[in-house]
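This document opens with one chain alone, in structure tokens, the form predicted alone.
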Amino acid sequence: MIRTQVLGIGSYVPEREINNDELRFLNEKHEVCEQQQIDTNDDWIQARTGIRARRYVPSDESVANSDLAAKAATSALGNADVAPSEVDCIIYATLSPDVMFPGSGVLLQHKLGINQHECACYDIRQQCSGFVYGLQMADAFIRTGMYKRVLLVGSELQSHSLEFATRGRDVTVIFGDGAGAFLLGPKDTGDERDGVIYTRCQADGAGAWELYLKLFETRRAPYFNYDASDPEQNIDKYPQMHGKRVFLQAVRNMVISTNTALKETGMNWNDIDWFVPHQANLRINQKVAEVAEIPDHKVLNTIEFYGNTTAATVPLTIDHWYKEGRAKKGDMILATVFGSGFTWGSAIFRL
């Protein structure tokens, strides 16, 4: 039986670390100002999100989203000892692509030197759920024999789209830049608990306007037009979130999704080495673990160090703890995500 195997993992975060104390003094160019720009502080941020720091790319326009993705992908390929030329499919999950079109998948392909006609490139836009959605796609492609080496990447460059003012603080304090990647391929095995064991993705468009970024609205002519000096107009260029509603829906659906994954596979927490939730908010993850009765010592988080890197959080978290020696090849992982859309899902796989 052909099953999907994780061949390699990798991640990348920019060098610049922005702690909570520094964040409140930054302007939109990420320069440290003498006057505080955002009415917040370390205690306020940690109490609401659990975040202590996040990473930002340089603000000199020298780094694109696909540059982060290329570094994470290169790391994953090296971990698998696979040459870029062997990749025949790229699945790129992001909410912050380099440009509106073409998709960032082809830009990544070119940067990796995969200049072959046989490599397909898919871009998916499921925001914080993008990695699990992409894993489900990759699993289907590999099991049917369509592709042999699928590079699944979640990458985000969000620091350039945040509002460095008190009005935008609920969103601005959360997000960071970073990328994570898996290289996936086929394995002929009769072991039903090997490789990718389970994926399930869901959505509810009724929650679409609880967390969104308009910026480009194709019903408008031009797509985006605003008076930068008018706060009522320029709000459309920044992400908007109804935090309490997102929090409640995230906890509810992540708990149900996690419990459903265990029920449908006949597994329990004795079978799972690590629970890796999407890193949106440490308080969400703690509540999910409490309600779903997940052993605390099996929960892996990195939001304290990196903030919310959206589509990158699951592979970035796994690779972080893999490099630290905590997560190991062969470990059984249950990952659950929730994001804008609303979208959510769970996956169980052996690392």
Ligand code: UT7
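Each residue number is its position in the shown sequence, starting from 1. If you're wondering where the values come from, they're calculated on a predicted model, not measured in any experiment.
Only in words, not in the display: the form predicted in complex with this ligand, which the text now covers.
- Interface membership of Asn308, defined by any non-hydrogen atom within 4.5 Å of this ligand in the model of the complex, is confirmed.
- By the criterion of a heavy atom within 4.5 Å, Asp273 is excluded from the residues contacting this ligand in the model of the complex.
- Residue contact check for Lys244: one or more of its heavy atoms lie within 4.5 Å of this ligand in the model of the complex.
- For the chain shown alone, Arg149 is not a contact residue for this ligand in the model of the complex, no non-hydrogen atom being within 4.5 angstroms.
- This chain appears without its partner; in the model of the complex, the one residue of Ser59, Gln46, Gln286, Thr40 with a heavy atom within 4.5 Å of this ligand is Thr40.
- In terms of contact with this ligand in the model of the complex, the residue from Ala261, Cys119, Leu77, Leu211 that brings a heavy atom within 4.5 Å is Leu211.
- No residue of the trio Arg3, Tyr133 and Cys201 has any heavy atom within 4.5 Å of this ligand in the model of the complex.
- Contact with this ligand in the model of the complex, defined as any heavy atom within 4.5 Å, is confined among 294 to 302, 317 to 325, 65 to 73, 32 to 40 to 32 to 40.
- Counting a residue when any of its non-hydrogen atoms is within 4.5 Å of this ligand in the model of the complex, the hits in 313 to 349 run Phe338, Gly339.
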